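The chain below stands alone and is given in structure tokens; this is the form predicted alone.
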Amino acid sequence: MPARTLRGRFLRPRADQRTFDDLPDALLISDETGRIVSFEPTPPGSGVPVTLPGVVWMPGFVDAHVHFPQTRVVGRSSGGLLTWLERTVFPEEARFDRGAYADEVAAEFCKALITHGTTTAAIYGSSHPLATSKLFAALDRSNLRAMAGLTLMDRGAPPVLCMPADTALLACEALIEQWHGVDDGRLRFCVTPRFAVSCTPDLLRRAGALAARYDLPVQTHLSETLDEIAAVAQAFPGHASYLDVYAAFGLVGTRTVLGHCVHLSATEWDALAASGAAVAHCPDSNAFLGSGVMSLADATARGVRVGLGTDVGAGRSFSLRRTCAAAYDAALSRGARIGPDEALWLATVGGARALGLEAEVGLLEPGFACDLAAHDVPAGLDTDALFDHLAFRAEVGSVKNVYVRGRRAV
């Protein structure tokens, strides 16, 4: 049943600033559709009991970039990006040609999201259609919100992971028919070329046409490492930049989420901003693979929408709280300090806006979906200490309850 009334301490994001209001005793009421109808400080004399003593409620986290078939290789260190893909990722992803294996991992994946208070995710599925459908089914059963897609590759990987453009596009059409828009848009299909190195021009062109035909979101990787950028330049001669490769095939626009964006020139940042595309900032993954440090300040100065991504499995945890700490460290290393509250804002409101869900989730306002997580926190923390605890002490405490549209995520 929907969670009609919740009382307790809330962190309420501001729409116009990257921070939160700390409400020590507030009352949130949602209707039978799971939308917020009122949210205000608890009036004197209210007979409503505190829902879960000892927790702070806040919007569910939004993971803007995560890989479903890498769930079981978290923390496997085998080199930089291209070497790591070859030695660790591709052998694991090849196992997803077995439906039973995909079922097992999909259940683990959804449990991991919920355990860490993530209610929405942008997910790279398997390159196997059946496994990607298994992922959607698990997301549906778990009551999570997500956009996900068949990972498109027709070169640059073992044959078991590659699929010709004709076959891949037919598989995408079938998945769109089955899953896109399920439960009033809680699940969406996302066109997902892995990255330019793994796709022929024909596949990229047809992926762009598919996204345009169905008005679908697009996600892919951009400028994660210098080796990758050099490989793209060799594979796509004549293009002005890595970003220009995607733009030439109709894959860059307001529905696009570009992962990493570590090595962008000022000209590329300007072009990205002009396109209206969003960025998934994955600082823990970038540190683990030695990819470099994205300039959050360059994105912010240009008004680029930015969310945070765990990027499991190069990211070492499904915890967006850990990713917040990594984002803080990354900004500090570039001489552009951010506060823990800003990092948490990027993991909630920022992610919602990056995924095109700014009218649906992220804020705790009337009309928004009741997507919430209750985080167990030590007693007596003032506002600044609470921000520090949530952003920098991911190993302390647990998530007690998670709601999507006022219903428990399970």
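The first residue of the shown sequence is 1; numbering continues from there. Model, not experiment: these values are computed from the prediction.
What follows is about the form predicted together with a small molecule, which we do not show.
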Whether Phe68, Lys134 and Leu187 all lie within 4.5 angstroms of the small molecule in the predicted bound form by heavy atom: no
Partner contact for Leu152 in the predicted bound form: the small molecule, 4.5 angstroms, heavy atom: no
Thr118: touches the small molecule in the predicted bound form, heavy atom cutoff 4.5 angstroms: no
Close approach of Leu81 to the small molecule in the predicted bound form, 4.5 Å, heavy atom: yes
The small molecule contact in the predicted bound form: Arg145, any heavy atom under 4.5 Å: no
Stretch from 316-324, 298-306, 283-291, 163-171 whose residues place a heavy atom within 4.5 Å of the small molecule in the predicted bound form: 283-291
Contact residue in the predicted bound form, chosen from Arg206, His221, Arg255, His128 - any heavy atom within 4.5 Å of the small molecule: His221
Heavy atom within 4.5 Å of the small molecule in the predicted bound form - the one residue of Phe236, Trp179, Phe195, Phe96 that qualifies: Phe195
